[in-house]
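Encoded as structure tokens, the following chain is the form predicted on its own, with no partner shown.
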Amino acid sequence: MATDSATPTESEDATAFGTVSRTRGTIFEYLSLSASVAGLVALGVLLVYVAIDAFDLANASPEWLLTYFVTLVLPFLAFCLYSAGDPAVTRRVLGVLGGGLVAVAVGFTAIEAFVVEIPRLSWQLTYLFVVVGPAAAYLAYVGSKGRVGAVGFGLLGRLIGGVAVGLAVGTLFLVFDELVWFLAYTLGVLPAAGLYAYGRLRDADRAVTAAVPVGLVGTVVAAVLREVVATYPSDTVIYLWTIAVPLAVVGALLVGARGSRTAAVAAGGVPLALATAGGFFGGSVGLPGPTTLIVIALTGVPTTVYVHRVVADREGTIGLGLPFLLGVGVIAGALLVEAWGVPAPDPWLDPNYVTEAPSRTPEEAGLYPAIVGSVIIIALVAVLSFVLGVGTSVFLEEYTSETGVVGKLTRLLQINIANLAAIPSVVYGLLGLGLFANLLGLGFGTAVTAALTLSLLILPITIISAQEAIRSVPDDLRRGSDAMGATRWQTTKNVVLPEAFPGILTGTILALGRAIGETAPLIMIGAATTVFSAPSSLFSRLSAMPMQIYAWSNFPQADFRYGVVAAGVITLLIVLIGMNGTAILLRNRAEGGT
């Protein structure tokens, strides 16, 4: 007969097991913590030295650091403290900043006096990276949870994100045929969007259904007419018609949905007018007109829509002053440094670095062709890997049978996909060289060959991450949809994919982060280490940021190996952080919408 009380032997065993488990668990916990801290510190030291080299901070005088600390860093910290609105956080941060100042100064001086000299570091720089940087990040995180901070950072995100997206779109039009896009938009995209909108507004299912066929037919006709039509508008007019005007209309509709017709006209019209002026007159001040038009349109419309929402909701309007606060801080710091004659560092990473071609002189070296090459490659890889990866995962998870011959083939396929994810990247480079460059004749080191090769590299990761996201959708949702009479495709489209979309998106963009930093496949397919002009088509030879950084690291001059390479690494990191930030933003929005 079973009893509730355990025997003495069982109790002793359980006690001994619990004691041993707790001890080992505690040891494991502290070992894990130590390993994490050691890894983070090592990575942090590496990034600190890279940043010092890229921005030439080793030559920054204490007066220069103090000036920008007062005009830029302190106002930013004050805004974040105000956003947090927590006295405990304020006291803690002030204690860290004040105590950290003394601790860093004493510790740094003691190490240099009694142990060893720390190269290329001063205690002011150490304080900046070790105390001020983490404190600012912590406050930005805490402040972003409040409405005031969220508004301020949201506006900054639209300004910076709009410029980044606009430059990326302008870069892509260097190789994509804008004339085909002009015809496809006019004959395919615009009629299809009009039919879809009409069908939704009038509840006409036929119009909604006809939108996709009309768009496809229009795109095919555009491809045919590309070689027939001889006269086209200028690039500025094409971008104005196909990008700026639709964006302005969308912005006006979003604002108009809140009930203000005047504000709607202003939200769409003001950015459109500025973009038009920038497109036609940007050349007179040395700016590329078409790219300026795209950047202003993609920055201005989201910004005006966001500002109107904040003002209309009357929540956190003071947060709109954060960009103004930072701008004034930068200008004030520059004026004070100039007025007092404070020696300023000469950063390697400056506007010329990202807009000029490579050079044999370190001071004139630029990364522009490699940046363009990386943007083109990643754009193609994103489209290919997302479509193929998500399509494959949906088929494997939702449509294949788990039993019989099909089930065995499916399991065999999944095992091979998992194994492919662990294959070294150089093998994919050999595959791309043999299949795309030699067999299909797509060319050595071209954008198409590089994109297809890197797509194969990250395709297993994309498939596996998408499968995990789809697998995490509860079966109850599928059964509920089936019980309502939905077909399998309707269940997949309306239930499964929306629920799995955040996970799919996160896995895909993180895989793209790996693709942008790969060098071995590009070396194997013959990508150039250095090119002196941006590619003009998808079949032009190009370079990428990792390739150019690798080439510079072998130059004998110390300025190349430290300053120029460090600036390239920072540029690559900025792109990666931007991609990861985009993934987090889109995932959070998708999670909020489900």
Partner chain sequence: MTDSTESPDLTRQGGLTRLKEGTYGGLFAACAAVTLLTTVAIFVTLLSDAVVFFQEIAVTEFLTGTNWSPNPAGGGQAFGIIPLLIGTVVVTVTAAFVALPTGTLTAIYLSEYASPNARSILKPLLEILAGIPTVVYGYFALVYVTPVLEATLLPGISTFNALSASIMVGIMTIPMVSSISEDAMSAVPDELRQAGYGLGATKFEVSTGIVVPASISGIASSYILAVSRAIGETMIVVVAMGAQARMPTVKEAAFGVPYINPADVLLDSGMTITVAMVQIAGGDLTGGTVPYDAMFALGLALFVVTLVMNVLSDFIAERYREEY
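Numbering follows the first chain given and starts at 1. Rigid core (definition): largest C-alpha set, two forms, superposition within 1.5 Å. What you see is a predicted model, and the numbers here were worked out from it, not measured in a lab.
Omitted here: the form predicted in complex with its partner chain. The next part is about that form.
Novice: Taking the shortest heavy atom distance, is R226 within 4.5 Å of its partner chain in the predicted complex?
Specialist: Close contact is absent here: in the predicted complex, R226 is far from its partner chain, nothing within 4.5 Å, heavy atoms only.
Novice: With the partner left out here, check for me: in the predicted complex, does some heavy atom of R478 sit within 4.5 Å of its partner chain?
Specialist: Heavy-atom contact with its partner chain at 4.5 Å: present for R478.
Novice: Tell me, yes or no, whether E397 is in contact with its partner chain in the predicted complex, where a contact means a heavy atom of each within 4.5 Å.
Specialist: Result yes; E397 sits at the interface with its partner chain in the predicted complex.
Novice: S32 versus its partner chain, in the predicted complex: is there a non-hydrogen atom within 4.5 Å?
Specialist: Contact with its partner chain, yes.
Novice: Based on heavy atom distances of 4.5 Å or less, which listed stretch (481-489, 89-97, 268-276, 244-252) is in contact with its partner chain in the predicted complex?
Specialist: Only one stretch qualifies here: 481-489.
Novice: Just one of R200, R120, K408, R309 has a heavy atom within 4.5 Å of its partner chain in the predicted complex. Which one?
Specialist: Spelling it out, the residue with a heavy atom inside the cut-off is R120.
Novice: By the heavy atom within 4.5 Å rule, which residue out of T530, S553, S533, S537 makes contact with its partner chain in the predicted complex?
Specialist: The option sitting close enough to the partner is S553.
Novice: Which residues, if any, of 46-85 lie within 4.5 Å of its partner chain in the predicted complex when only heavy atoms count?
Specialist: Sequence-ordered list: L46, L47, Y49, V50, D53.
Novice: Once you overlay the rigid core, does the Cα of L576 travel 2 Å or further between this form and the one not shown?
Specialist: No; L576 is a residue whose C-alpha shifts by less than 2 Å between this form and the one not shown when the cores are overlaid.
Novice: Is N554 among the residues whose Cα moves by 2 Å or more between this form and the one not shown after superposition of the rigid core?
Specialist: Shift of 2 Å or more: no.
Novice: With both forms fit on the core, is the shift of the CA atom of S32 between this form and the one not shown 2 Å or larger?
Specialist: Where the cores coincide, S32 still shows a C-alpha shift between this form and the one not shown that is 2 Å or more.
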